[in-house]
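A single chain comes next, written as structure tokens; it is the form predicted on its own.
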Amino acid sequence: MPPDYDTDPERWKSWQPQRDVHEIVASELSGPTLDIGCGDGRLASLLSHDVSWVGLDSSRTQLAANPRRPVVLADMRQLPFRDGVFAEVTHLWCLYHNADPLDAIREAWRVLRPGGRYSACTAARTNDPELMWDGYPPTPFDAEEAEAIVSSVFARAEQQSWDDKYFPLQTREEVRAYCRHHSIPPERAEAAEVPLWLTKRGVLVRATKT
């Protein structure tokens, strides 16, 4: 996925999933939480108001669209926080933007308290086979290697995988929007049958700082 949130905001605005890993992670957080790659605030919108939350993103456009505060404009590879200040840190749908995701994961480990919990998620290269029958191009943080990458920083890490059809794209226009959002060749939206039930594949990796 190209990191074009500021130069092409209409791409990421074009579609939003009915269900996402944010719903799973939000139910587990009690704060204080650092939401790295917070975007326009989906995770924050699901938290109860008594959960202490800080959002961080490198996109000015997405932070401007996020109604929750406080938010910080910063690089996830150089977090502007002292060591051990957060009980929870999340990297949801963002680590694949880094040439070396270990830099960001090490920073997440640094700002976590001992016993603090970490969550990261990503899709598999074989995600959406109904549209991407040749697979997505590899990124630095795909489901196929995500647990191993996180485990090189966190001693205690485990993954929860998904591989199923969770929702349909009901109309041709929705398929077009999905392809736009995921940088899929637009002609594949025209060839797909609707309603289109996509097979979603990916992982949520959870870890604890020991």
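Numbers for residues come from their place in the sequence shown, where the first is 1. For clarity, every value in this text was computed on a predicted model and none was experimentally measured.
The discussion below concerns the form predicted in complex with a small molecule, not included here.
For the small molecule in the predicted bound form, the listed stretch (55 to 63, 170 to 178, 23 to 31, 154 to 162) containing residues with heavy atoms inside 4.5 Å is 55 to 63. When you look in the predicted bound form, the only residue of 96, 136, 109, 81 with a non-hydrogen atom within 4.5 Å of the small molecule is 96. In the predicted bound form, residue 92 approaches the small molecule with a heavy atom inside 4.5 Å. Using a 4.5 Å cutoff between non-hydrogen atoms, residue 146 does not count as a contact of the small molecule in the predicted bound form. Interface membership of residue 125, defined by any non-hydrogen atom within 4.5 Å of the small molecule in the predicted bound form, is ruled out. Although the partner is absent here, residue 75 sits close enough that one of its heavy atoms falls within 4.5 Å of the small molecule in the predicted bound form.
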